[in-house]
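Next up: a single chain in structure tokens, the form predicted alone.
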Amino acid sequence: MRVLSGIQPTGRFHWGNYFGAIQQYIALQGNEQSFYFIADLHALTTVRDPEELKQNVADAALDLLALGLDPKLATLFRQSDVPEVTELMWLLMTVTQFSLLEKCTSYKDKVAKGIAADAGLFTYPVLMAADILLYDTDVVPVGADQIQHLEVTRDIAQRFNHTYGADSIHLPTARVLTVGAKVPGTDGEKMSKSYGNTIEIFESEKSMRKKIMSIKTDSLPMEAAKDPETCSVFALYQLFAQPEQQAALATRYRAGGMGYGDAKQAVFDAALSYFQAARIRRTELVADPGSVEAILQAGAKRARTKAQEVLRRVRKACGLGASVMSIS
């Protein structure tokens, strides 16, 4: 089973990214059939500062490796290091209906938020389809809100196969990620960069504690009993604590006599302990940037080997020559 997922380098990863996706991506690694890429081409639709993009890509690689992505068990690479993806995108564009792209909710949502409606944003789903189809991917782990991306990819692939041959492109399936505990942001809403309410995985202890202490809570006095089930501070604690620890804090909530400051401190302590090994690993990786680049280059080489195999088959189906760029 070949698994593939891409992660955009549009900013530092936060707790929502980890518990909502990264944790499960890493759990799916296990052999050379796991492909993970840093989607720097996709990021160009929103990040227009070249130095910022370079730093984001470097941070994404460091974060993923520190959090447990193992290059012995999975292939990690930069999207732009596999040029075959842009050629496949063009071949797919020639059979993609304009009306299909118009229906994509992600495009409509971004335009509604004021993001410029350029061609890159509009054709984003076709590049995403090329990302997936280029490796004969079997399974793509997605959140429930991303299922449409897989449906669009399958629609494009099926139209290509109908046009050029039933076996030209392998159709992937979605694996909907397990819905875990809610990951609220500092304002109680879903943790998201766009809401400005995130807590980053690797930010400084001082900054992380300040954000945790700023989490919005109700105005109940310290002596009052509190409901852990409706408290975003407790919801965050559940992400890091063992069941017996959760039960103990819930009892303190219901008994009264505890302020939210104590609960927030418990979240800080638990989060620091949870990510301690990853923090140490990241520090080690930062000190050896050559090893990280070597991992990305080796990953790109493995990815291109499979990509070229697929592209030759697709080019032949279209009536084009079988020649593809050599792997340097």
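Model, not experiment: these values are computed from the prediction. One rule holds for the numbers: they count along the sequence shown, beginning at 1.
In what follows, reference is made to the form predicted in complex with a small molecule, a form of this protein that is not presented.
With a 4.5 Å cutoff on heavy atoms, residue 258 does not count as touching the small molecule in the model of the complex; it lies far away. Within this chain, residue 146 lines the site of the small molecule in the model of the complex, having a heavy atom no more than 4.5 Å away. When contacts are judged by a 4.5 Å heavy atom cut-off, residue 60 does not count as touching the small molecule in the model of the complex. The closest non-hydrogen atom of residue 74 lies beyond 4.5 Å of the small molecule in the model of the complex. For the three marked residues, 237, 245 and 271, no heavy atom of any sits within 4.5 Å of the small molecule in the model of the complex. Exactly one listed residue, out of 132, 82, 169, 156, brings a non-hydrogen atom to within 4.5 Å of the small molecule in the model of the complex: 132. Of the residues given (93, 115, 142, 220), 142 alone sits with a heavy atom within 4.5 Å of the small molecule in the model of the complex. Proximity to the small molecule in the model of the complex, taken as heavy atoms within 4.5 Å, picks out 120 to 128 from the listed stretches 227 to 235, 120 to 128, 207 to 215, 247 to 255.
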